[in-house]
Ligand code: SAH
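Shown next as structure tokens: one chain only, the form predicted alone.
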Amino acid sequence: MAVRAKKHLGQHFLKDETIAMKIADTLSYQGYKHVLEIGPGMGVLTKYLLKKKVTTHVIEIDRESVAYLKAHYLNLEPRIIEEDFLKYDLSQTFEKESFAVIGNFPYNISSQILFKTLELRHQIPEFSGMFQKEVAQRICSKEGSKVYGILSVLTQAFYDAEYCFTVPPTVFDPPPKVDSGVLFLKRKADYKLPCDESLFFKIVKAAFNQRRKTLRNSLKNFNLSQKLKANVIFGKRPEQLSVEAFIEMTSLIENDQN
């Protein structure tokens, strides 16, 4: 028996096998032994992951979906984590091992899933997922774009981001009201920033929270010295700065504070 989609969980079940296979094929499956699928539902993507030369784990909060997976994917049962991804301590499953993340994510928590991935970047070399199309495009956008923002800069500081393909509403049950987009993130070879990483996060968020202001004004709380404020970079708006420029600016502020 099929699982009923629950609105409060943001469930839209993918029913197109070709798209499920395409999503599974976005990962390289190299350099790690484990893959974690978030929100597998009835396993349309899971079945293609199970064919890959990695160990597939799934994390699912919906009891009905968990029961369905246990009934239809008997070999998967020991690796079904019945938890909320956002609250679950993944070291309980993976300890310090690397794992890739994949999934057809509920739109209402997709950004939070990405932020948790960034927190665990030392363990997640690859990430592939379905987002609302506009969010996927924002994550992959470059400076100068109107949609370039916090998600773009923080993600691209650590990962190379690629927008893979668009998915229409018709391939879901129930169909969402918007198009979806699949993106792929590959962690950079050198993903340690040459600046204080926690300060970098704070600066990027503060800058885009007042994106119409120049950085000189939006970063007032960082107590910039007069000399630093004179630097041309602080006369710009956040969407004008590349990821590298944000890293450079963080170093300038860090040195100014010491």
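In case it trips you up, residue 1 is the first one in the sequence shown, and so on. Here the structure is a predicted model, which means the values were calculated and not measured.
We do not show the form predicted together with S-adenosyl-L-homocysteine (SAH), though everything after this point is about it.
- Contact annotation for residue 84: at least one heavy atom lies within 4.5 Å of S-adenosyl-L-homocysteine (SAH) in the model of the complex.
- Taking the partner from elsewhere, residue 161 is found to have every heavy atom lying beyond 4.5 Å of S-adenosyl-L-homocysteine (SAH) in the model of the complex.
- The closest heavy atom approach of residue 207 to S-adenosyl-L-homocysteine (SAH) in the model of the complex falls outside 4.5 Å.
- Using a 4.5 Å cutoff between non-hydrogen atoms, residue 104 counts as a contact of S-adenosyl-L-homocysteine (SAH) in the model of the complex.
- Contact with S-adenosyl-L-homocysteine (SAH) in the model of the complex, defined as a heavy atom within 4.5 Å, is made by all three of 12, 39 and 61.
- Heavy atoms within 4.5 Å of S-adenosyl-L-homocysteine (SAH) in the model of the complex belong, among the stretches 26-34, 190-198, 41-49, 226-234, to residues of 41-49.
- Proximity to S-adenosyl-L-homocysteine (SAH) in the model of the complex, defined as a heavy atom within 4.5 Å, holds among 90, 150, 109, 118 only for 109.
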